[in-house]
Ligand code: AMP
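Heads up, the chain below is alone and in the form predicted alone; it's given as structure tokens.
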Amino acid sequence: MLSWHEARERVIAIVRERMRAPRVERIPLGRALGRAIAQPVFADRDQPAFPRSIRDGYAIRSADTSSLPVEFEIIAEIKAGSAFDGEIGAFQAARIMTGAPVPAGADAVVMLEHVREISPTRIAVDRAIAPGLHVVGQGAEARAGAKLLDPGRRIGFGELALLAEIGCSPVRVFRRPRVAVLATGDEIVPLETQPGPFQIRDTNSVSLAAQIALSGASVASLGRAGDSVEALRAGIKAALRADAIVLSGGVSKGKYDLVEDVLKEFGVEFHFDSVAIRPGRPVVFGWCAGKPVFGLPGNPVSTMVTFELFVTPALDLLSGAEPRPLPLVSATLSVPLNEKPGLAHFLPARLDWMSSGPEARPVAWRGSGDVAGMAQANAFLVVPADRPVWRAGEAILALVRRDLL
């Protein structure tokens, strides 16, 4: 049986090798958050386009501070968006604001806090000022024509600001992959339905749609398929119109766990059907008609864990980006752990950020069907298969919930 590390790497390798190149579309910059850029991005001009002051103060010639104290005559005032057409001469200064262009002749800015005002038109400086102090030179951030972003870079708020700075709108991005979600099981009823005494509402379709959205993909929810070959055939046939397929439930070894048998009818090539983890051991990954197919366990916490580990990197690749690393942090364990050996455990846990760093404790939960317990967790403690016993105070890895980062 594969470890979760091996299974994750297998998903990444197979999707990378076999996926079709994602299609490209042009969208307004304001809609590009989270998308992968599909074009190289170049600076349209020097950044900054002029020597820029990064402090409120006075633009001066630094050489004039070689003998202290020294007085300067104020000959101009420059605010952001304006300029001084003249030149700063010996022992002259221009009052300047943050973001304003440093005038010709000046090569440094002395902060307001470091001058003495003698009169409305004269100041004194009591310290030596180095050349270039508080000045960002023209083109220091990027020269015109310099490459700023490569294709495949995911667009966050910093990248949005950069694209806005160079006027890149609309922007070419890779199309979001469309992910078909099909929940299985006779016990599942729609959210709007009052469940019978032995039925449950379809929570997996809701949580999977959220995880898909966080991955940068779009969801095509196909509802529920009952525990029959005919229902599963119809659902899987419809799902094959999407770019990726995620099924929940029906992947264990019980009498009514029919998902693998029906997937075989569609010619799915299976790459694994179990992973050495708890919760989430009976997880299926295959390939069919040019797209990845995932069969996740039906218990909600198992579904959440296996999606994060195995589906998220596949959707990253299908989105035109590189797989993001798992959001793992090192935390101090506040209580001892004693788990069963042989399988890696992903225990719902609570991380609290203290002054000394994150502290972690498992939450009270009653197995992979306990949604109420899961809602109290913002992370999963990662307990290795070969290290089931931990003492309080030890450092342990925690997988932070991506939606609560």
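Just so it is clear, the structure is predicted and the values come from calculations on it, not from any experiment. Numbering starts at 1 and follows the sequence shown.
The same protein also has a form predicted in complex with the ligand, omitted here; what follows describes it.
Identify which of 250, 280, 320, 177 has a heavy atom within 4.5 Å of the ligand in the predicted complex; exactly one of them does.
Spelling it out, the residue with a heavy atom inside the cut-off is 250.
Given that the ligand is left out here, which of 201, 172, 241, 95 has a heavy atom within 4.5 Å of it in the predicted complex?
The residue in contact is 201.
With the partner left out here, check for me: in the predicted complex, does some heavy atom of residue 286 sit within 4.5 Å of the ligand?
Answer no; every heavy atom of residue 286 is more than 4.5 Å from the ligand in the predicted complex.
Can you tell me whether residue 184 touches the ligand? I mean in the predicted complex, with a 4.5 angstroms heavy atom cut-off.
Residue 184: contacts the ligand in the predicted complex.
With a cut-off of 4.5 Å between heavy atoms, is residue 292 one of the residues that contacts the ligand in the predicted complex?
Taking the distances in the predicted complex, the answer for residue 292 is no, it never comes within 4.5 Å of the ligand.
Residue 299 versus the ligand, in the predicted complex: is there a non-hydrogen atom within 4.5 Å?
Output for residue 299 is yes: heavy atoms within 4.5 Å of the ligand.
Pick from 77 to 85, 306 to 314, 126 to 134, 203 to 211: which stretch has a heavy atom within 4.5 Å of the ligand in the predicted complex?
Selected stretch: 203 to 211.
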